[in-house]
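Let's start with one chain on its own, the form predicted alone, as structure tokens.
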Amino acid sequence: MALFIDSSDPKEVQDLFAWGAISGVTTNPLIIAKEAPDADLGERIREILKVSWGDVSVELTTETEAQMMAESEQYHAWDPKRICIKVPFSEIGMRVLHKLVKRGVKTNVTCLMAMNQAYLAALAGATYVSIFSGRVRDLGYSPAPIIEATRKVIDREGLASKIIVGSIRHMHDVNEALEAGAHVPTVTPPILRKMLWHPRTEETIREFNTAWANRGKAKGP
């Protein structure tokens, strides 16, 4: 299992990779539009590549097969060993996925809401299949059974795809994804930092530090 950071901010990426617990980056057009609407995408991704390691997912935003393939070639050229093309799931997306897989390009099939979708993408050879936890929950049901079912069928059939769980909105979603069998929760910086915190941990550290600072001091009568 692994953790990816879901961000397009190079400084955040650098800061959180310094923990040594993160092993990849996912970005999407919505994140980039919010964090840096005027940024040049190529420059932004190259900055992220410099301060991280592992796969960096970049999403296609065009809609025809020819446009998506041209866009894929542009992104892939930024770092052929590390760039992972995020392919939106659709009939056209499946055709693009198949072509990219045949060329040896890493792929991340995104916007998945159901096991049958993830299964199709895995059969086609996707490097990653991305299930959107928060958006599944918006539909009124838990994503955990979808993650569990997808992991079972991937393991049973010996498929190589790894399950990414994204659209994580709460720390509980990370725990749920890991318990359900996700290979890679991808987590925003605020939620990653919440994973550090527990009130009892802080209280215990203060207790230990205070005891050490006061060692050897004479006690009053």
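In this text, residue numbers run from 1 along the sequence as written. Worth saying up front: this structure is predicted, and the values here are computed from it rather than measured.
Absent from the display: the form predicted together with a small molecule. The rest refers to it.
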Worksheet item: Can any non-hydrogen atom of His76 be found within 4.5 angstroms of the small molecule in the predicted bound form?
Response: no
With the partner left out of view, is Arg151 within 4.5 angstroms of the small molecule in the predicted bound form by any non-hydrogen atom? no
*Might Phe132 be said to contact the small molecule in the predicted bound form, defining contact as any heavy atom within 4.5 Å?*
yes
* To do: Report whether the minimum heavy atom distance between Ser161 and the small molecule in the predicted bound form is within 4.5 Å.
  => no
Within 4.5 Å of the small molecule in the predicted bound form, heavy atom basis, the matching stretch of 62-70, 39-47, 190-198, 166-174 is 166-174
